[in-house]
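Form predicted on its own, single chain, as structure tokens, below.
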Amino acid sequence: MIADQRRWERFTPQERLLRFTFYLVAVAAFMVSVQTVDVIPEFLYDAPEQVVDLFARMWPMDWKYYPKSVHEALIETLHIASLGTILSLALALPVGILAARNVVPVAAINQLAKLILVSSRSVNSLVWALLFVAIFGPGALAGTLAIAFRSIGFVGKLFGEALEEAQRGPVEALTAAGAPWPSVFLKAYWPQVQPAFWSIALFRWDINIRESAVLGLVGAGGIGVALDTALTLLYWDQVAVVLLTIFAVVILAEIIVTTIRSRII
């Protein structure tokens, strides 16, 4: 009797069809995008020369511009990022709790909270800044609120997911003992999600430093104001100082956040 010969295949026919369909749609979308984007070839020919000329104008840097305009704007940027992050934590914490299905088992409330989180993430920080500049006028207040409202969706979503992944054992034990809901949250949920919460907060602060650096381009305060002024006046040596300052602060913030997170988690 001839033994059955079986051939191993990595993907089923249905999976191969789905993969082929995905690749086909991706290629079609790429071709449509290339035809839609208006690329002027003449501007690409001399792009290397323009880059070299731009860097030549940036050197040597005007270091006298730093104490005169950049330092104070940098401190304001750090304040905007820090205050915006703290405000977002205060606003995102209750929304994240309402979004967690195991903490608040009410579908309507969960969906409403998730709608708030999605709405916050769907609007770019520059758009938030433009909105608050129109309401409160240019300055650090508009930048702080823009950072805060942009961060609510990020912090609340991750915090809500951390709550949903919490172990049920301590929760059920305290609930069976008749503990009120605040005690259940503080004694059962919070110890489990506390490391994740502080990790999310630090990570968002790191992101907010980067985002707050450009809010000044729309009048929301910070080092972006100094950058916008230098760009408007075509003082490229001053632009280089601002860009180098932003780069150094972002790298330093990354090192600080990575070090602290490694000790928390």
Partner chain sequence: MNSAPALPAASRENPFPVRWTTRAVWIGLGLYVIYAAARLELTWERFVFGLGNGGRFLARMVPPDFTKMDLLWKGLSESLEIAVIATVFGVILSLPVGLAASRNLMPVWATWPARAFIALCRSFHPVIVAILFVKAVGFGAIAGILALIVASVGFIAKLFAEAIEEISLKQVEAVRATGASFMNVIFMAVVPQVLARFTGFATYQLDSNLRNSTMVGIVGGGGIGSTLFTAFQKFDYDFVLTILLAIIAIIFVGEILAGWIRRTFQ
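Quantities reported herein were computed from a predicted structural model and do not represent experimental measurements. Residue numbers count along the first chain shown, from 1.
The same protein also exists as the form predicted in complex with the partner chain; that form is not shown, yet it is the one meant from here on.
- In the model of the complex, at least one heavy atom of Phe136 sits within 4.5 Å of the partner chain.
- The shortest heavy atom separation between Val257 and the partner chain in the model of the complex exceeds 4.5 Å.
- Under a 4.5 angstroms non-hydrogen atom cutoff, the partner chain in the model of the complex lacks Ala148 among its neighbouring residues.
- Proximity of Trp181 to the partner chain in the model of the complex falls outside the 4.5 Å heavy atom cutoff.
- In sequence order, Glu72, Ile75, Glu76, Leu78, His79, Ile80, Ser82, Leu83, Ile86 are the residues of 64 to 89 having a heavy atom within 4.5 Å of the partner chain in the model of the complex; the partner itself is omitted from this view.
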